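Below sits a lone chain in structure tokens, taken as the form predicted on its own.
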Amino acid sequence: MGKITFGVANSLENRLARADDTADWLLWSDEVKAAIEDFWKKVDAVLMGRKTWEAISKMDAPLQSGVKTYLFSRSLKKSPDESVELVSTDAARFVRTLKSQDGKDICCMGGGDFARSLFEADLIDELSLNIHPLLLGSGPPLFPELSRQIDLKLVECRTLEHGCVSVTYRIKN
């Protein structure tokens, strides 16, 4: 497959959600919707951990049509949705194998713990953030502690409606 992009919306202080895991603070607009639609045209697989799945499920957000969803969890015994493949084996090994197959790009959604395992395994190629102009004060952090520094190269930076800023970085090798 193509590159793996870790994509997420976050607050200015790099929080992914409120302390109760809600994301009612997200600022939607037609511009954001169009950017997301363009992004999904380049993707045929999405990766997410259990906590992200649970947060998305609370929002009643539909799965992206035509995109294979992989849910990574060591605690779930079966997939919560028949169209979602549950992966309970080593995430880095599974993703490395998936990435070596033919296909479009892969999106890694959500948060910290799962994404950290992919950053640590050098599997993330790009980081795409939609930074919202607010401070949540508490909640899960975007990046839990990493074992090393990861250098980035700015690919794109643009201002969106509501004062959001979209930035994309390439991981330097």
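Just so we're clear, the structure is a prediction, and the values are computed from it rather than from any experiment. The numbering used is simple: start at 1 and walk along the sequence shown.
One more form of this protein exists, namely the form predicted in complex with another copy of the chain; it is left out here, but the text below deals with it.
Partner contacts here mean any heavy atom within 4.5 Å of another copy of the chain in the model of the complex, and among 66-74, 105-113, 137-145, 30-38 they occur only in 137-145. Contact with another copy of the chain in the model of the complex, defined as a heavy atom within 4.5 Å, is made by none of Met1, Glu85 and Leu98. Mapping the unseen interface onto this chain, Leu129 counts among the residues with a heavy atom inside 4.5 Å of another copy of the chain in the model of the complex.
Interface residue remark: Asp20 is not counted as part of the site for another copy of the chain in the model of the complex, having no heavy atom within 4.5 Å. For the chain shown alone, Phe119 is a contact residue for another copy of the chain in the model of the complex, at least one non-hydrogen atom being within 4.5 angstroms.
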